[in-house]
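Here we start with a single chain on its own, the form predicted alone, put down as structure tokens.
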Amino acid sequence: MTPSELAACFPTPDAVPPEHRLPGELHQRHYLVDGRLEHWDGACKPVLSPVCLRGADGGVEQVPLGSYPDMGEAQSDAALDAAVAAYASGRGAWPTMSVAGRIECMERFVQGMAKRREQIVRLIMWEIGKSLADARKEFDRTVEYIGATIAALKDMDNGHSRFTVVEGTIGQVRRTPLGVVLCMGPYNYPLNETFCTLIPALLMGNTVVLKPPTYGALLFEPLLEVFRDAFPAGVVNTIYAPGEVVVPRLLASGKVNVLALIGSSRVADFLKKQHPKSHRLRAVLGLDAKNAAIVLPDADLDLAVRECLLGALSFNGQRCTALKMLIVHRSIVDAFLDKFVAALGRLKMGMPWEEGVQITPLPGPHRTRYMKDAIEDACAKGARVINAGGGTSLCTLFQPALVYPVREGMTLHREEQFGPVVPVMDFDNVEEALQYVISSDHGQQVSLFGRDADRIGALIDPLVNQVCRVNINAQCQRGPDVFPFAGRKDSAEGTLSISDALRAFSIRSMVATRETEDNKQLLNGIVREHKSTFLNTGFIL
């Protein structure tokens, strides 16, 4: 596409379908702290949509969506203090509440959240440029995730609802909360990825300071009342402030027990060092990834191209699980590129509400500039853009680019591009492809494409010791959520799946005594009279 053709992808104001228009700008002036929606009278941060509107002169401008509070240290301190007070050294109403009680609160939250589906889906679409279909999918998947996490917690707790007697000692083991969690999610899945840490943290009895992502902050506004009404005061607190200003301060206080961050390893390394007793800080981190696809000479090319195209360009490649390097055997690389270019040309580029759209605007012009810079660097060092018009951009819209051959020394070779640029390198010996994964700083996933059992089998064993998931003849992906989602090297710390996340935000604690008649009567009395929420033999249906 030419710049003028890209400009035609953006609508004029009256061309936006009425059913997809926002009712007006959303100027958020409240935040949640200690069970209250506090009013904000200070500076606010404007929010611009990735979607641009085309004027009469043919120029395009990003759509203003509204604004949210631009708070500072005093407000973040208040949010942290509220979470600390609600936890109350483990004596607060939330950490001492029964598991059944916490589940009841979470179910109340989900009911309130479901009532706001249309508003939140629309905000996801307009705030981050995600297609309407994918925005709906993100919301629905998040609701399903909460239900599955509740079910897993019931199973976990029911499995602990008994006493164990070993070598004359009676004991009961349960999982207990860790304290205050600082929760920060990413812009690409602002609802789902944030809730994949927030929900298990809450269900396990922790209190939370939630910092919404910069892109996707407004979509949490409809949930503030729901949080307030579903949970005890101080259990969920929100801050809207520049991360570089308040987050190091929060950690330096020593009051944060768990850092839950989906972001970059560079930021995570810096933040962890701010804690005065870093050995006390548990980190649950989803970080950088540069997942590779290795396409062997006997691969089904149609299948490999289809999966690699989806893996590289779903939501414009803005996924940590995206395929960000395609490593193709030299004997088939030309055929692979031809098929990929043809498939790439069939992708629909347009606005998020358009039926079947696959390439949508990026968060801002800074992202398109990064993509262009990375392509220019590669071309200056011997690569070229294979598809016609690839890399053409206008404001927030960027035509995907297939770049080949990518080599060591180019930005695209090692750096996570997180956008619609698809780098391809070739190999003669499979050891070259294997060494790319081994020498990478990242270790989340890899995809293998081939049909020879000997070749695939010989690669599986070394690769499972380098990454946490090997996908055979399929793109890299997170789901299903019951499977572990983790990373080696700079890609993650801790494992996120439904059951693993519950364990990540808790620790095993035990009550034990000697096996004597007096102690048996004592334990029976505590359980029978419900004197402890920890010691019990109840079963949650």
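The first residue of the sequence shown is number 1, and the count goes up from there. Fair warning: this is a prediction, and the values are worked out from it, not measured in the lab.
Quick note: we don't show the form predicted in complex with a small molecule, though the next part is all about it.
With a 4.5 Å cutoff on heavy atoms, Gln477 counts as touching the small molecule in the model of the complex. In the model of the complex, the small molecule stays beyond 4.5 Å of every heavy atom belonging to Tyr240. When the small molecule is considered in the model of the complex, Arg122 lies well away from it, no heavy atom lying within 4.5 Å. The small molecule is not shown here, but in the model of the complex it comes within 4.5 Å of a heavy atom of Arg141. Here the chain stands alone, but in the model of the complex its contact with the small molecule, taken as any heavy atom within 4.5 Å, falls in 183-191 among 131-139, 165-173, 183-191, 99-107.
Note on the partner interface in the model of the complex: the residue among Thr396, Asn471, Ser265, Thr321 having a heavy atom within 4.5 angstroms of the small molecule is Thr321.
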